[in-house]
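Below sits a lone chain in structure tokens, taken as the form predicted on its own.
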């Protein structure tokens, strides 16, 4: 099974490159974040025409939003609200994989604004509370398939020194601060989540999935961050056979500032 995750930064605006990705890479399941699209306006017809009949959208007008589109049937869908904000940042679906049910959780964690101080910046406070609630939910959640779960999405945190272009310069920049990294580590520990991307791309290699639009030449400056992740529960450890980060997608027409990650699972 081939599963991909991509912060698309407006699914309607960038529909042509999403369809290109589906044709070129042919994932069985694609999880999108920052769709910025109400559910009634989600381009379901285009995805069904491309062969993706099974669609779960959790969106809102102009902001946030996540979606799961699949060639494989799924059931037991969910959309959890975090922090009482009413924003669309989570969707889950249990997919009929070859070896049994597989629950996929698709997240878009709040970016957190510019100031890494929860007392001065409500957006940063929201981000930390969101991560705390994620941790608590997974620690306490009872799920029939809880040993066969994949968590993907734009988690808006680059945890490793090699996940950012300069560890020293970004230590006080939102997305790489120690308090965020510690909160993300607590979420990861909640179910013993395995970072399968770093299983296949060693932690001593620099790896990025996001580059700012502000860079005149993003390749030349290469000031990236790894904000997008694929994790599995320990019961699936070893099931991921390969990972690919499609860096060239950052050069496609009207690109997202994120690029897609694809993982192939033997399940």
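Quantities reported herein were computed from a predicted structural model and do not represent experimental measurements. Positions refer to the first chain, counted from 1.
Beyond the structure shown, there is the form predicted in complex with the DNA, which is absent from this document and is the topic of what follows.
Look at 232-240, 201-209, 22-30, 59-67: in the predicted complex, residues with non-hydrogen atoms within 4.5 angstroms of the DNA sit in 59-67. Just one of 123, 79, 129, 167 comes within 4.5 Å of the DNA in the predicted complex, counting any heavy atom, and that one is 123. Residue-level contacts in the predicted complex: of 111, 83, 171, 181, one residue has a heavy atom within 4.5 Å of the DNA, and it is 111. Contact with the DNA in the predicted complex holds for none of 5, 105 and 228, as no heavy atom of theirs lies within 4.5 Å. Under a 4.5 angstroms non-hydrogen atom cutoff, the DNA in the predicted complex has residue 89 among its neighbouring residues. Residue contact check for residue 36: one or more of its heavy atoms lie within 4.5 Å of the DNA in the predicted complex. Though the partner is left out of this view, residue 214 does reach within 4.5 Å of the DNA in the predicted complex, counting heavy atoms only. Residue contact with the DNA in the predicted complex: residue 13 places a heavy atom within 4.5 Å of it. Shown here without the DNA, the chain has only 254 in 237-267 lying with a heavy atom within 4.5 Å of that partner in the predicted complex.
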